[in-house]
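Before any questions on binding or motion, here is one chain by itself as structure tokens, the form predicted alone.
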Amino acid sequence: MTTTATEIRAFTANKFEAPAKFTEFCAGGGKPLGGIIGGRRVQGTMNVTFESTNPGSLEVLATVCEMGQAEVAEAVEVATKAFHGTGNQGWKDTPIEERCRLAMKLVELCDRDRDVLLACEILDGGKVSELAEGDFTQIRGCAEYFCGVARRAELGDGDALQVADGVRGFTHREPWGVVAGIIPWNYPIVLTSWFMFPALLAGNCILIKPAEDTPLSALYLGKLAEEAGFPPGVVNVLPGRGEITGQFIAEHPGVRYISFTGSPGVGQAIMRTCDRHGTRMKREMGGNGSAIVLSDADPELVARMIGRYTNQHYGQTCCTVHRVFVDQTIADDFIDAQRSFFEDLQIGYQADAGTQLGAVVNSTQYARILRAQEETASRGGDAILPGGVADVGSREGYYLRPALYRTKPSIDCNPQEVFHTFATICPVDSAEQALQLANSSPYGLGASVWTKDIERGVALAKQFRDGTCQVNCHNSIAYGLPYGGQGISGGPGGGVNCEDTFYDYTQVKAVYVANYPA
């Protein structure tokens, strides 16, 4: 059955109300929600709390304790003991089947408490239900995939080589020990899962540092991990600000490996800190995704498809489309269709039925997006839709209208990642010109080509300077294929979602053995 343009719509909300179990969890028995260290709830020594709010209503959902240097040090200590074991079997020596059993038990508990975790995504994260429900499926998908990888992974001693007379050598692969995941606010359940399962199944003990805007899902997952039976110290959750808790994690030499997702500036700063004491680090640091639309494409159909991805989580998606290069022969029709799609987006509260464009996560992002809209126009972008503040009636929140600009190849009016429903459209003379412009960005996370000529599309896609290259689709992710960035968008390591990801959470050594001298 052929898809028609009218069938393509933005991710849309169903009516959602928080279950009582979520409200009870947020209440914390009348106390702020503490971190989870060694199976204990920890209030922290800094006596500092922060509020986690619903961005679409500004309602305070929970008060959370910020973890400081003392808590990071304690978490590293208990995680190290859990890794090695103290008079009993450590996590590093736990059989793969037992690790998989605990991982899948955690998945079962997540399924049981699905509505609680959806409340974390929808109310704490500001996401519409259609997208949140898809994100939730990643918990099981990720766990099952990495259980399969773990079962066939080659850990321990490799095959021996005779390297000289009386000397043999072999590799020994083992987990790092204590590893940390610094998780962003835009996809908390997805990105916590993408860190947690490969790291745990490889035999590491973990520290999860959720974003201060969206800490609730990580804290709830930590609670469920304890219920699942993970030994104390294997899973630890350290809520707090990046410049405080995140910095203390990066500074601690007992953290052997860090997986970071966030902005280039923060990721580069953490990398410099890690370099001081040799902590390894992998990074995914945003994008400014491009789409090339060739002359044979249906402009209305493709404009709506690209519009759906540009609006995914209101543009708060690292790999989504923000720069479109369209053949000039169909540019006017494409622009008209994209404008229509953006104008028709239903702006409103993310938990109300029918909402497609909700509030952005916080006041900082709100101001940053408004400033980017002004700068794009000042750089020469011709406003098709000027953006600006959106009025949603009685709701208080960080609501903005979508922004769309027409530009020229000679004007660079969209050089930075703008985390909103925001795009520039540049008519071009040729696919080669479009490719040159697409690759001129320092980012390199995701890009796509749209054409009926699949062979030509694949040939062009291979030339993108991006980690994920797509033909007639975008924001594509599948287990077994790497998702990672090039340029300032990421690296080193194997990205996420593939076998290389699992091996990123291990270290390999060369061992040489010579006969004892006579």
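Residues carry their position along the shown sequence, with the first being 1. Model, not experiment: these values are computed from the prediction.
What comes next is about the form predicted in complex with a small molecule, which does not appear here.
- I411 falls outside the set of residues with a heavy atom inside 4.5 Å of the small molecule in the predicted bound form.
- Taking non-hydrogen atoms only, G242 approaches the small molecule to within 4.5 angstroms in the predicted bound form.
- For the chain shown alone, W450 is not a contact residue for the small molecule in the predicted bound form, no non-hydrogen atom being within 4.5 angstroms.
- Under a 4.5 angstroms non-hydrogen atom cutoff, the small molecule in the predicted bound form lacks Y145 among its neighbouring residues.
- Checking Y349, Y309, F419, F230 for any heavy atom within 4.5 Å of the small molecule in the predicted bound form turns up a single hit: F419.
- Proximity to the small molecule in the predicted bound form, taken as a non-hydrogen atom within 4.5 angstroms, holds for one residue of G262, G141, G90, P427, which is G262.
- In the predicted bound form, no residue of the candidate spot (T45, E74 and L207) has a heavy atom lying within 4.5 Å of the small molecule.
- Of the candidate stretches 186-194, 116-124, 160-168, 97-105, only 186-194 has residues with heavy atoms within 4.5 Å of the small molecule in the predicted bound form.
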